[in-house]
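Just one chain is shown here, as structure tokens, and it is the form predicted alone.
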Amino acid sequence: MLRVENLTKYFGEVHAVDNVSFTLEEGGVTSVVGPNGAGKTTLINLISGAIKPDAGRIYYKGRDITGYPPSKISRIGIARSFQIPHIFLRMTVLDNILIPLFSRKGLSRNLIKRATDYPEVLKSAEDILGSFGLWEKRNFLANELPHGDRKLLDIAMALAMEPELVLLDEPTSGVSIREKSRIMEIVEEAIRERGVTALIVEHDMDIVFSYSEKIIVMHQGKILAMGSGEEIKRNKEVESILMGGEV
């Protein structure tokens, strides 16, 4: 589904992403892990079009999408969430979901009709919010939600774009240990139910080992290791750099 070849991005003397190559097969969850400053979020920003690479190519389903802007990236089937939720705080939870739904269906320019004139869109919103446990809070303003629900709403908005590939930047950051498991269980069920492939940046190694089919370990802008959870656990270099001891 995704092929990254020799992807490179420098910020001055900082080699944020340094000659990175990997492939992502369709289906399942792949996690990108590494210490702070390893280049994980920069990698997501490059794939999603938020920034342009200095070198290298990005292919999506065989199509060269290197340098595409985020708007075009979203239209071809790639969506993303953010470490800090990008939601409309002064709008209701329902309206936050309706925005990407109307955009995806090409209806956002119609300023005459009301949202209630599109029952199929409202049904889609109900389905998405229901799968994320947010339907009962649909009339809440987004700024009234606790942090964990804000994270879920941000991810739900990404899935409302009906992507085939979703990029999730630290979906469990800033929440309690108990909330982490709840959020990941909801997210995993939602993406598998929709047949979406997920590339996830995550720090919590318990979450990574529990939910990932494949793990990519980055260090100082480069890929240090790739493999299954068991392969990563047995890698002594990863153990030393990433975990600082036994896994």
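Residue indices: 1-based, along the sequence shown. Every value quoted in this text rests on a predicted model; they were computed, and no experiment measured them.
FYI, the form predicted together with a small molecule isn't displayed, but the following is about it.
Figure note: of the listed segments 207 to 215, 181 to 189, 37 to 45, 59 to 67, the one touching the small molecule in the model of the complex, with heavy atoms no more than 4.5 Å away, is 37 to 45. Comment: the small molecule is not present in this chain, but in the model of the complex one of Leu224, Val20, Ala16, Leu24 has a heavy atom within 4.5 Å of it, namely Ala16. Although the partner is absent here, His203 sits close enough that one of its heavy atoms falls within 4.5 Å of the small molecule in the model of the complex. For the chain shown alone, Glu170 is a contact residue for the small molecule in the model of the complex, at least one non-hydrogen atom being within 4.5 angstroms.
Heavy atoms of Gln83 reach within 4.5 Å of the small molecule in the model of the complex, making it an interface residue.
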